[in-house]
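Only one chain is given next, in C-alpha cells, and it is the form predicted on its own.
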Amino acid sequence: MAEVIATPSKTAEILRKYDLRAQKRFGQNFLIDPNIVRKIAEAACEKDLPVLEVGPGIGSLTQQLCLCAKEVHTYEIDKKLIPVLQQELGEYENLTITEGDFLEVDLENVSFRDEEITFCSNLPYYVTTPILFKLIESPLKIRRMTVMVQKEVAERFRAQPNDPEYGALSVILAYRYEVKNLLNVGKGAFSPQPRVDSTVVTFTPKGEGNPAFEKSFYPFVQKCFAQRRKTLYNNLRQIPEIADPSELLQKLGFKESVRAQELNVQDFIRLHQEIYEGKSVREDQSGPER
C-alpha cells in the first residue's frame, strides 16, 4: 500500500520530486494532517457509491477516498498536477482523473450521470459558490456533499435572515439541505498555511426535491439578491415577469422598503408561488426568464 500522502514529510517529498509550488491562483493549500483527511473521507464515503471530487491537488484527500469508496471521479484544473496524481495514485484502479475546469464540465454527459453519488472536496475560496450552485442545479443524484471551506464561508451556509452573511446561497441551502458543521480545521493542517481556519460541512438533501419547482426557484432567489444594497422592490423590478412589484409585495404583506436579507425561506417560496403560480405576472410572459 502506498505511503500516506497527507503528512508533512510525504507532501514535502512530492513537492520536491516534481518541483512544485502551491499555486495561489488555484487556491492550493495541501492537507498534511492524516487524521483530518481520514475523517473527511469517512464522512463522504459510502461503499456502494461513487465519489465526485473537485481539486485533488497532489492527492492527499483523493487517496483516502479511493480507500473507502466504490469509485472516485476527480477533476483537476492544474495540468501540472495530472502526472503527479497519475504517478502517486497509480495503484488505485477505482480512480478516474480528468484534467480541466469543473465549472465547464457538462454534467449531463458524465459517466456517472444516472448513478447515486456523493461529493467531496477541499474547495478553494474563489470557486466555492460557483461550484456549489453548479452541483445544486445539476441533474446529478447527489446523496450527500462533504466540503471543506474557509470558516467564514461556512458561516454563510447556515446564516439566518438579517445576518450579514445571509444571501441567496443561504436561502437555497436551507430550502434543499440539512446543513451541519462536521469539524473545524486549523491553519496548521495545511501546507502552505492559509491565513484563516477552515470548517468541514456536510449537506444532506431534504427528501427527493422538486426539480420542476427548483428550476425557476433557484434563479429567482438569486435575482432577489442581485443588488444587495437595494430593496427587494428594486430587485423585483428587474424581473420581466412581474407586472407590479409594489402590488405584489403589498398583497403578501411586505413593506415596499423590505430587503431580501430580511426574508426567510418560506417568504421566498410564497413570493415565487405568487409570481409563477399565481396571477402577479405580465400577460405577455409565458414563464420564468432563463
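Not measured: the values here are computed from a predicted model. All residue numbers refer to positions in the sequence shown, first residue = 1.
The next section is about a form of this same protein that is not shown, the form predicted in complex with a small molecule.
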**Message:** Considering non-hydrogen atoms and a 4.5 Å limit, does the small molecule approach G186 in the predicted complex?
**Reply:** no
**Asked** Is F225 a contact residue for the small molecule in the predicted complex, using a 4.5 Å heavy atom cut-off?
**Response** no
**Message:** Is it the case that L31, even though its partner is missing from this view, gets within 4.5 Å of the small molecule in the predicted complex, heavy atoms only?
**Reply:** yes
**Asked** L123: heavy atom within 4.5 Å of the small molecule in the predicted complex?
**Response** yes
**Prompt:** in the predicted complex, which of the listed residues (E214, D78, E155, D197) lies with a heavy atom within 4.5 Å of the small molecule?
**Reply:** D78
**Message:** If the cut-off is 4.5 angstroms on heavy atoms, which of these, V127, V179, V110, L135, is the one near the small molecule in the predicted complex?
**Reply:** V127
**Item:** Contact stretch among 245-253, 60-68, 258-266, 231-239 - heavy atom within 4.5 Å of the small molecule in the predicted complex
**Value:** 60-68
